[in-house]
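As a starting point, one isolated chain is supplied in C-alpha cells, in the form predicted alone.
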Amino acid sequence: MSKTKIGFIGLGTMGIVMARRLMDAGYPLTVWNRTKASGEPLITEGATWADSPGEVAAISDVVFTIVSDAAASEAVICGPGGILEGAAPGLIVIDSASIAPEASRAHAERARSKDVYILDAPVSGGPKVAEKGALGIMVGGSKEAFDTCEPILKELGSMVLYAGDSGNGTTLKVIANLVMGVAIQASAEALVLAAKAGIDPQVVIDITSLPGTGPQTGAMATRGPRMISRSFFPPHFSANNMYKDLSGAMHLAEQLGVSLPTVSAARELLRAVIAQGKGKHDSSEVVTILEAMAATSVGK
C-alpha cells in the first residue's frame, strides 16, 4: 500500500527537523518555505519543492504547517495561493504553529466549507527532542481526522494527546507553556538569590535537578546552565515567543475570569527583555533583568 503523501510548509528550526524525520520514515514529502534556501537541504535529500502552499496541498494527502504566528498561519492556509486554494475535499491540515485558540477555530471553520479538516497540533520540545521523535503533541479538531493522522504524528512525538474540539490543542499548549514560563522565572530568581547570598549558583542547579526530589524542575536543568554560561543565543525558546504565549494565557484567563498573578509577573520581565532589544534571545535572558535589580551576577 502506498504511503500517505505529506506536504510540509514552514522550514524553520523546528520545521526542517520534523520534515526530515517524516521523510526518513518513508513518507513522500513536498515542501514549501517563504525562502527556498531553507528547503535546499531537504530537496537534496529527496523532497519535492512546490512553488506555493496551494501547490503543496494539491499533491498531498496531509499537509503540516509550522510558521511563526497567527498571521503567517492564516496566510499559508487561507490566503492567496494558500492551502485552501489548492486543496481537494478530504485534505487534512495539521497546523503546528503556536497561535491563539480562536485563530485555530477560525481557520478550521473556513476549511470546513471546502470539506478540508484542520487539526491544531502545536508541539512541545526543541529541535533535539524532535530529532528523536520525542515531542509532545497536543491536538484539537476532528476525531476522525486525528485517528487518520495519529500514526504520522507518532513518528514525531512520544506523547500524542487528543484534546477535543478545534482550538483545544492550542489551548493546551498555552497552558503548558504557562508552566514553563513561570518555572524559568522561578529558576532565575533562585539563582540570583543564591548569588547574592554568596552560594555558587551551580549548586542550586545540582540540587534542583536531582531526580525524585521536590525541587526538581526541567526548567532549571535546561535553562540554569544557560543563565550561568550566558548562552542566550541561539534560543531554545525565544523571549518573543514566551511573551506571546504568556500573553495568550493572560487573554484566556481574562475570558474565563481566572487570576494568573505569577504569569503576569513573568510576562513583565519578558517585556523588559524585549524592550532591551533581546526578544530573539532565549527566554532565560530574564535572569539579566533580575541581576540588574539585585546588583549581582550568576554568570561565570
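Residue numbers here begin at 1 and follow the sequence given. As the structure is a prediction and not an experimental result, all values here were calculated from the model.
The protein also exists as the form predicted together with a small molecule; that form is not presented, and the subsequent description refers to it.
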Closest heavy atom of residue 33 to the small molecule in the predicted bound form, within 4.5 Å or not?
yes
Contact label in the predicted bound form: residue 126 to the small molecule, heavy atom within 4.5 Å
yes
Given that the partner is absent here, does residue 276 sit within 4.5 Å of the small molecule in the predicted bound form, heavy atoms only?
no
May I ask you to check whether residue 243 falls inside a 4.5 Å heavy atom distance of the small molecule in the predicted bound form?
no
For the three residues 15, 68 and 97, which mark the spot I'm curious about, does each lie within 4.5 Å of the small molecule in the predicted bound form through at least one heavy atom?
yes
Tell me which stretch of 23-31, 230-238, 249-257, 43-51 has a heavy atom within 4.5 angstroms of the small molecule in the predicted bound form.
230-238
Just give me the single entry in 184, 93, 191, 76 that has a non-hydrogen atom within 4.5 angstroms of the small molecule in the predicted bound form.
76
Of these, 195, 72, 106, 163, which has a heavy atom no more than 4.5 Å from the small molecule in the predicted bound form?
72
